[in-house]
Structure formats: structure tokens, C-alpha cells
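Only one chain comes next, encoded as C-alpha cells, the form predicted on its own.
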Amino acid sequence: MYDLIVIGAGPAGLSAALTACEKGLKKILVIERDKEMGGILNQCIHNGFGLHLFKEELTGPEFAGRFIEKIKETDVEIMLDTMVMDLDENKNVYILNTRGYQKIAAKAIILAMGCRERTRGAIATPGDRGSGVYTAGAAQRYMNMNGYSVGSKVVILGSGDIGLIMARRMTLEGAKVLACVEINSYSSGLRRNIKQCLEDFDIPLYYSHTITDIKCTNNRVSKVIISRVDEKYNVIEGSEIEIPCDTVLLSIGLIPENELSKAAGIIIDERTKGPVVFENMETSVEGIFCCGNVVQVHDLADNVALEAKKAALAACKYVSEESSFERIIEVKANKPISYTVPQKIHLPIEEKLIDVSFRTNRVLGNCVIKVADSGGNVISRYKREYVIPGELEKIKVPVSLIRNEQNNITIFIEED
């Protein structure tokens, strides 16, 4: 039996395995379905990684390489080209690879499977079904890892970060990015990516618009029709714009990979689509922890790696049977906050501050984030010049302010 099994060898999984190894766990196994470690970072050849964690600017492969080099110096076992077929609440892992079907077990498990892209079918984009429609991540892999050009005249649906980055990437490779179309009145990407990937290249961003038709000629995309939508996402008649193109990239959101989590009986938060977690990243199933994009979609790989360290430290305590908790505090959120991570807090804990992250569903300026106890009394305040949906917001809640009689805290925002 292993002390710890980590599922996924992206930035979350590698960071978690390294941390657990540094804390003294002996038998650690990392399982990865790909043929190499690094996860999605291997195709992210742009820079911007590592600023928080390594205090320097790295590309995605360079960022992953820092972890890969370190893990190769340890006794951590790496199992590549291996698919995890099932996981149960007793921490049994069922895997399939070239050696066949196996059952292995661990004292603790960390889930770090990442997330996947939403596809055209998920939003029922109307129109012809010809070639030339890709998710932004698939196009990124084709270009950066396989050396294939996916098109020459491009329209991007959605303003997620991968789509924004691909707008710049394709422009630099000689393609013409004609438009980025966003159904909301705000972008779901980082502000820096809007500036560096769209504005710097004079690529128009159409807010409150969506693709209402895709036309194909000879089974290849030949044009798209975009239309304006109202506040309820209803198409406004007469607002149609025709854009000739040969390629459509979809950057319409990411979904945490949680089929294994569900198989193990882990409670899933319908808002995040990831597991409900405690402040130490433990799920509703004792001894199973999770971190990174499998919990919630992060905006920075640095934060994924840091969250993985937290999960690994908690897993180490669990394996050594050092964990003991007396009660649970529920973390609630009021609109426009969409959700919080964690959703629950163990007490007592050693930490003096509890990290809470969340996203809003609309843009707010000059606001105050407030934390109230179960009686409605505000116990903590955090001033912000703005809060936007595209960026993950974080606060630190002092544990000393959570009194013994409380059973929940509520986080909300008020504009000045």
C-alpha cells in the first residue's frame, strides 16, 4: 500500500507530490494518463508563469520543468500512460495501462486531474457542422505541439484566457483574427490578456454578442453570423453581423474533471462543478484531498501549485494520524459572489488565517468584501477598487474572529 497516490501530473499533482516527499512521506505514486509529465503546461509556450512562485517569468514548459527536474531527484514513483478507470471511498484506485488492469490502494489520495474545455455541443451553437471549429485548447495543442496551422481567418467565441492567448498566437503565426465575441457584458479572461492579446493587436472584442449561425462551403467554415444579445441573452433581431472566416475557436469555459470524484462518492458543488472542500482541501470523503483546477478553475498556474502544497500538507497529517477536528463551520456566499472555496472549515486548526477564494458574476467597482458571523455581525472587511468575474478574488479570514457559538460565516460584497 502507498502512503499517498496523486492522480494527475500537471502543476497541481507535481507540486503536491514534491511537498509530500519533502515532508517525509516515503511511498508516493503519481499517476498520469499522458505519456509525459507537465499536463496542460506543455502546450502553453507563452510566458507569464512563475512570477509568484519562482519570482521570474517562465513559459509553461519551463514552469512545469522546474517541478519535473525536482521530482526526478526523489524516490516518488511516476506511472505514465496510465488511465485511472475508477476510484472508491476506501481509497482503492483501479488503473489500466500496457501492463494490464490493476487495483492499488493508498492511505491518502490527492485528486489533481485538472479541467476540460466546454465544446460546441454544450452551448448548442447553431449552424452547419463542417470542419474548422475547434476548442481553443485543441487548436493550441495542434499549433504548439504538433506544428499544424488550424486556419487563416479566425473568429473566437468567448473571451476565456486560452482563447485570448490563441488570438495573439495565431496573429503572430500570420493568421488574421477578425473578432473575439463574448456573450456577456464583461470578459471571463484576465485583464492583462485582453490588453496583451487583443488590444495590442487591434483585434475587436464584441461584448454582449454571440454566434448565431455558422455557414460552411465544401464542408469547411466559410462565414459566421454574430448577433447582439440583451441582458437575458435573447438575440436582438436586426443586429446581425456577417464575418467571412475559415476557423472558429471556442473559448467558452472550463469544467473540472470530476468523474473520479463522483465515483468515490465525493460531494460535488454544483456551482464550481468541483468537490466541496474544507480549508485543508479535504473532500467529503475522509482521506481524499484535491487541488487545482479539479476544485475550481484558477486563473494562474502559480496559485494551482500553491494550493497543491496545502493539500499535500493536510494529506501528510492525515497519513500520520495527526488530524483531529471538533466541529464544522459552513462558508456561505451572497450574490453577486457565485461561490466560495473552501465551502467548509474545520475547527480547531493551527492556522491563524483561512484562505477563501471566490468569483463574482458581475463587475463591481469601489467595493468592500465583508464577512459576517451567523448572527449577521460583520467580523472582517476587505476594501477593493474593483472585483471582476475574470479574476479569482482571495481574502484571508482570521480564525480568531470565528466564535465558538457560530455554525457558519457569510461572505458578501457591498459597493461604496
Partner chain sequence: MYDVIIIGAGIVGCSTAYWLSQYEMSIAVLETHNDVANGTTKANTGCMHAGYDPQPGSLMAKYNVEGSAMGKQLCEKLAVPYENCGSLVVAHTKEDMKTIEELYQRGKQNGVKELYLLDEKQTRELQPRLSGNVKGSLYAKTGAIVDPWQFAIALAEVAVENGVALKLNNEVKAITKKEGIFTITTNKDKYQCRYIINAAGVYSDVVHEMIGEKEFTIIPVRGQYFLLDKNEGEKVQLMLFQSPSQKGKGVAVCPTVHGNMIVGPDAETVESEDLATTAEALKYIKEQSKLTMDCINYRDNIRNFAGIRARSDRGDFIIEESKSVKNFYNLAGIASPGLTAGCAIGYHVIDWLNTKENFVKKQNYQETRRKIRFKELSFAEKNELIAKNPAYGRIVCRCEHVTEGEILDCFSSPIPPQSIDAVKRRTNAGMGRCQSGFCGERVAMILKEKLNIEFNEILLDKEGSKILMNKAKEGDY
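Positions refer to the first chain, counted from 1. All values derive from a computational prediction rather than experimental measurement.
Below: the form predicted together with its partner chain, not depicted.
You can rule out all but one of 181-189, 257-265, 275-283, 325-333: in the predicted bound form, only 257-265 has residues with a heavy atom within 4.5 Å of its partner chain. Checking G238, P204, P244, G121 for any heavy atom within 4.5 Å of its partner chain in the predicted bound form turns up a single hit: G121. Scanning S152, S320, S222, N92 against its partner chain in the predicted bound form with a 4.5 Å heavy atom cut-off leaves one residue, S152. A residue is said to contact a partner when one of its heavy atoms sits within 4.5 Å of a partner heavy atom; K35 meets this definition for its partner chain in the predicted bound form.
Contact annotation for E73: none of its heavy atoms lies within 4.5 Å of its partner chain in the predicted bound form. At a distance threshold of 4.5 angstroms between non-hydrogen atoms, Y339 is out of contact with its partner chain in the predicted bound form.
Taking non-hydrogen atoms only, L96 approaches its partner chain to within 4.5 angstroms in the predicted bound form.
Taking a 4.5 Å heavy atom cutoff to its partner chain in the predicted bound form, the contacting residues in 169-201 are R169, L172, E173, G174.
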